[in-house]
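A single chain comes next, written as structure tokens; it is the form predicted on its own.
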């Protein structure tokens, strides 16, 4: 655990000249607990310095934990000695803390700063019972990364619909190329495929209800998702030995031209480029439309900041949230992260994949999902992802898989 306390040189100088006692007493402390890696930590140190310069009567004290330690720590400090601000995640990951009364309603911050307009793409994932419970500051898109040279080789056009995508798969199969590659040794990449198939088949609200335990896994609408998935599985359009591959192994297949498409998050771009792909050979597309009556929703894990119920300095915490929501602050943070600001008026790095993701997410009408292992409870996520992997290997076991998932739902969401 690392503790950081900030004080500006200017403030120290004034303190020295004026005796400092009354100034120190006038400063209000704002405590902030977080779990930043080095790059985002440096970015937030800069944001905090800017905030303190604009609000010289506020002293922000940031205490930084490692990721794994934070997952345990937050459950302790929210019930014991809560800070004024705390990092967490959007969607169903924040729901338990909202439902237990451990996060404060910050709808007034959203209303007073017109955040429904500025942060509109993420509003649904920050809203429970019609209220907003934190402020999002970064996310990154998922979608389909594809090999342009392979597309040219077989004469395939970038598809807009699922039907067109499947037609392309037949061309790739005939050429001895995997239409879709993935590596499910670690399970989670398969969840990205499931999420998009469900979002495009049934929409955001249904997907959230399913991951929240409100829909039976044996429901016909869930079966329809797997029927669409079967169009990839049954003809052998997915890399055959995916269950033995890490996600980076599958990335190598795309790089080598042995696979055409990869459903993955934007963090994979660095791996593709390290493998020799360039903007001329690597392409990005949104997951194609399956049901045209379903509003387009996207997968974009979102990081957030919240005010715990036990916060002692709520007003200054709200001032910080409003600052963090601004276009300038989000631009600065995400330049360091290499990710996407949520404020639609922010600017992004001169990178085609960052720009494509910003356009995609800023114009998403149907909602932003957080990824299956964030939207579902941990135990359900594990059982679900095991089922997704098994389905791609043994599609004939679908009934047994869905029955197993349904039994897990009945046990986990009590």
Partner chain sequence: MTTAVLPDTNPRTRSWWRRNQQSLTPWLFLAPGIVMFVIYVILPIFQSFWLSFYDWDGLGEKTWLGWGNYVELFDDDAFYTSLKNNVIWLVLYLLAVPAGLAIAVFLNQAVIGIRIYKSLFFFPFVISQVVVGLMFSWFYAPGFGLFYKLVEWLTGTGVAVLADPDLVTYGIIVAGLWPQIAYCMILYLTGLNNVSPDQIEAARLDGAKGLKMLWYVILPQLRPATFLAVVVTVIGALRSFDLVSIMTDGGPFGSSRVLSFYMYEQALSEYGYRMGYGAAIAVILFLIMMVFISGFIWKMIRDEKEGY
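These figures come from a predicted structure and were not determined experimentally. Each form is matched to the other, and the largest set of C-alpha atoms that superpose within 1.5 Å is called the rigid core. Positions refer to the first chain, counted from 1.
As for the form predicted together with the partner chain, it is not shown, yet the points below apply to it.
The stretch from 238-246, 161-169, 222-230, 121-129 that comes within 4.5 Å of the partner chain in the model of the complex, counting heavy atoms only, is 238-246.
Candidate site formed by 28, 105 and 312: none of these residues places a non-hydrogen atom within 4.5 angstroms of the partner chain in the model of the complex.
At the 4.5 Å threshold, heavy atoms of residue 79 reach the partner chain in the model of the complex.
The closest heavy atom approach of residue 54 to the partner chain in the model of the complex falls outside 4.5 Å. In the model of the complex, the partner chain stays beyond 4.5 Å of every heavy atom belonging to residue 398. Mapping the unseen interface onto this chain, residue 173 falls outside it, with no heavy atom inside 4.5 Å of the partner chain in the model of the complex.
389 is the sole member of 64, 364, 389, 346 with a non-hydrogen atom lying within 4.5 angstroms of the partner chain in the model of the complex. Of the listed positions (273, 332, 75, 148), a single one reaches within 4.5 angstroms of the partner chain by any non-hydrogen atom in the model of the complex, namely 75. For the stretch 95-129, the set of residues having any non-hydrogen atom within 4.5 angstroms of the partner chain in the model of the complex comprises 97, 100, 102, in sequence order.
For residue 152, the Cα coordinates differ by under 2 angstroms between the shown form and the other one after the core has been superposed.
Once both forms are fitted on their rigid core, the CA atom of residue 94 lies 2 Å or more apart between the shown form and the other one.
Compared with the form shown here, the C-alpha atoms of residue 68 and residue 189 sit at least 3 Å closer together in the model of the complex.
In the model of the complex, the CA atoms of residue 206 and residue 102 sit farther apart than in the displayed form, by at least 3 angstroms.
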